[in-house]
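Take a look at this one chain, the form predicted on its own, written out in structure tokens.
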Amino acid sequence: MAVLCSGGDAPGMNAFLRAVVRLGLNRHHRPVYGIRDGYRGLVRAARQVGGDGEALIGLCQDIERQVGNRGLIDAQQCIIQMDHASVSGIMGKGGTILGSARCLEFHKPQVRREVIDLLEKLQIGGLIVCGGDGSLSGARLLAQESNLRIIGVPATIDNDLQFTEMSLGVDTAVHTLVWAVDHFIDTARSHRRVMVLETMGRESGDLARMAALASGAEMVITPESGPMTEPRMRELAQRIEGAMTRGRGHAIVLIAEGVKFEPAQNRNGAYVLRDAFQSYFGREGAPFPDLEVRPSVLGHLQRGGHATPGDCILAARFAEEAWKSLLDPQAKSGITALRYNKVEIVPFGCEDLPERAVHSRAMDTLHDDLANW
């Protein structure tokens, strides 16, 4: 069996790798190969071998000779046979020791064919792909085009995969955002400011929504609530000004990166919102003409850091379910998913969770009712 991490890194990938390797070695007595740099590493290894039998023998010898940490140290070795020591001490570390990358070449059918041929020659019957939407799309194509057993594992802080309630990395990212809000609040209170913080999340507002609920941020703006127009931004500014009039001394506004604007904007949403708020607060006759609005784009800060216990536990549950499916001769390829607090395998191309959209709206309503306006 082989495992790779693909696309953007997410906290919990290392915990998942550790769980996969330890379960393979300790419970199932099966070797586990780690693939360096995701699909890119597979493509590189496939091209190194090509149709050359001697090159294939050389690759197998390298894998057998440089096991575990020795293979990980050699940056040129794309396929490493993992051992206990190679995953020791990585449980809570962010990122992934295998490396992760995006590989546009993998969109080409002939490139995927080369990878499938290599995996078959190495007698690898199962592949676990840990990543987000694009990575799992690649896994689906491999499953369709080969006899390999492919298991996808959702790992993205965006939490934008509709078939699972939670992906690896989300819990850690929410904790990081709460930590950031706690630090911004100190300055906001001290200087009577409005802080506009932009979160990640792509087209989903889940990350911003959960962070707002957990941190007590006064306002959260998500893509699901529709595009931001000038009247709408003015209405939000009026809400903040009204709260200030009633004695509030600051405001924290979270805006998800996927929020659209009308007319369309080329800048980060936090800066567009800052300009709109500042224009409103500085108008003639405004009660707080000196009220400052400070934007911050939190960026990749959210993707790093020590994985939370929640992510480490979810990683172990996903790993166990992946192995269970790989060793079941009656099972098919699919993706691990957390649904109603139960981990299960759902097929590639599965239907969305019908409750997700309703759940998002309910969380928005809950936050608005908790906000102190």
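One rule holds for the numbers: they count along the sequence shown, beginning at 1. Predicted, not measured: the structure shown is a model, and the values here were computed from it.
Just so it is clear, the following notes concern the form predicted together with a small molecule, a form of the same protein that is not shown.
The stretch among 289-297, 128-136, 80-88, 249-257 whose residues place heavy atoms within 4.5 Å of the small molecule in the predicted complex is 128-136. Taking the partner from elsewhere, F106 is found to have a heavy atom lying within 4.5 Å of the small molecule in the predicted complex.
Heavy atoms of R202 reach within 4.5 Å of the small molecule in the predicted complex, making it an interface residue. Contact check for F318: every heavy atom lies farther than 4.5 Å from the small molecule in the predicted complex.
In the predicted complex, none of the heavy atoms of R193 sits within 4.5 Å of a heavy atom of the small molecule.
Proximity to the small molecule in the predicted complex, defined as a heavy atom within 4.5 Å, singles out one entry of R113, R267, R102, R234, which is R102.
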